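Here you get one chain, nothing else, as structure tokens; it is the form predicted on its own.
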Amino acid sequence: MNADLILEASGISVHAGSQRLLRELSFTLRAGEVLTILGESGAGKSLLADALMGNLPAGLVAGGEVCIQGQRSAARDARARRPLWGRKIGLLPQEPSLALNPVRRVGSQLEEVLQLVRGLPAHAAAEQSAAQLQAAGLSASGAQYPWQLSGGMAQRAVASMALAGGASLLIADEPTKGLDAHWRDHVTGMLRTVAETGGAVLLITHDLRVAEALGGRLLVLRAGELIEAGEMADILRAPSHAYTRELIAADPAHWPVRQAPVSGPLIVQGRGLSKAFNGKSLFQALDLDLHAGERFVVQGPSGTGKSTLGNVLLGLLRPDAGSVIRAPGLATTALQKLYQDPVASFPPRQTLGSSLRDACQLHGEAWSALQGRLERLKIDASLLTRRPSQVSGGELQRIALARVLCARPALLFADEPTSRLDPLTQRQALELLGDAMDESGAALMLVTHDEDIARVFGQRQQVFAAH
């Protein structure tokens, strides 16, 4: 075997019963290399990662062979690769909320990785954990629980843990989603360091800026099939397949500005709002009015209070000072939230179809209307027979969007609602969201780290600065 051959994937496939979700894929990764997987949400990118790890959801079966640094096993033999987890193969998962233990402090979880995987003594693990959290901008987060972190902070914490074991092969599944430009570049640098120090990176991303910055080779997937492969620079400069050209051209930087609707009556008013967490002030004496039909964009680095402001306006959190006044006559369900983490917003043991029918019944929505939205979002009806853990993050994000519109909200707080979507699907989802808001006259409060999306959709902006 070649000493620098870190991963050899041979004929990797995934099936759900007789349905093929991922057609046979074969590739290698050598020390110092980066291989990026690009494609629409639901194309099979995360399924490929799970098949390589031996971590597919129940009901899905992998085919082919996986060889990691000379240790070969059948792809369907998940147990054979589990002793390699953290030591030879590391995963930075798409959903950080599923990777963190909610009842243990973040620092202790990182220390555990350093002790059990790297073999460091307790005192050295504690020192190394503190240093890594500081490098990730999480100095004060070691004593916090995962549910006390913002989505971007949790993403950075999981990245630190995935790298802590020193695995030679790192699979990074959407590692920069929900991150502002500074921390996106920081994580990109971390991945580059893995390759530069003799490891290899398998990157799954929708962010062409990250893919281009890391370089290497590129595989383009569509509906579980490989449609184009080659050097990153060559494909981005001159893609040979029409779908790849369409995917690259769909970057939000190319979207036209959406026409602003006419604003209507006041929906929610905040006066003198202040909120702090763990002694850290997020915002102070903030005044804010949201009117029907208005599109209000909130931006700023992770952990600066964007989601907290929305939760205060919705009544999910109480402000430390100030007041929130709702327009009279609003239904109890008139203020809705589209969560940044879609997995946490669905019952884990219930099928998606059952959850959606419950939402239709609760809000008096016709099932055919919901089906129309799902079709527009390109959600195959067969996905509704699955549980939330059995679909991709991008598919679940779109299903969550279709569901929340059943409530006919007067105000929708959309917290990074398309962070898991490729540019093509992202545009379709945001167009549906914008059309629904325009038709109903609802107010939209949109949290996004993407400057281009803010430009396209925003009438007004609230920008939070780093503390």
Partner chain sequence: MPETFSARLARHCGLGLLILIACFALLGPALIGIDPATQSLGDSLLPPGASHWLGTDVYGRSVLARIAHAAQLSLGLALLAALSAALPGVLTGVTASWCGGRIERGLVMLADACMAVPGLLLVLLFAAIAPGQYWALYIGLALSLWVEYFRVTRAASRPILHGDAVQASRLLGFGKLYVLRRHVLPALTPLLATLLPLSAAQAVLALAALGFIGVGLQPPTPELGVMMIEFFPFYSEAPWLIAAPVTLLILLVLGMMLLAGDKELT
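Residue numbers count along the first chain shown, from 1. Here the structure is a predicted model, which is why all the values come from computation and not from measurement.
Below: the form predicted in complex with its partner chain, not depicted.
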In the predicted complex, does Gln284 come within 4.5 Å of its partner chain, counting heavy atoms only? no
Residue-level contact is defined here as any heavy atom of the residue lying within 4.5 Å of its partner chain in the predicted complex; does Leu236 satisfy this criterion? no
Check whether Pro347 has any heavy atom within 4.5 Å of a heavy atom of its partner chain in the predicted complex, and answer yes or no. yes
Leu362 versus its partner chain, in the predicted complex: is there a non-hydrogen atom within 4.5 Å? yes
Going by heavy atom distances of 4.5 angstroms or less, which of Ala436, Ala49, Leu424, Ala407 would be at the interface with its partner chain in the predicted complex? Ala407
Candidate from Leu314, Ala250, Met190, Leu377 lying within 4.5 Å of its partner chain in the predicted complex - any heavy atom: Leu314
The chain here is shown without its partner chain. Which stretch in 123-131, 333-341, 197-205, 236-244 comes within 4.5 angstroms of it in the predicted complex, by heavy atom distance? 333-341
At 4.5 angstroms, heavy atoms only, are Ser13, Glu24 and Arg76 all close to its partner chain in the predicted complex? no
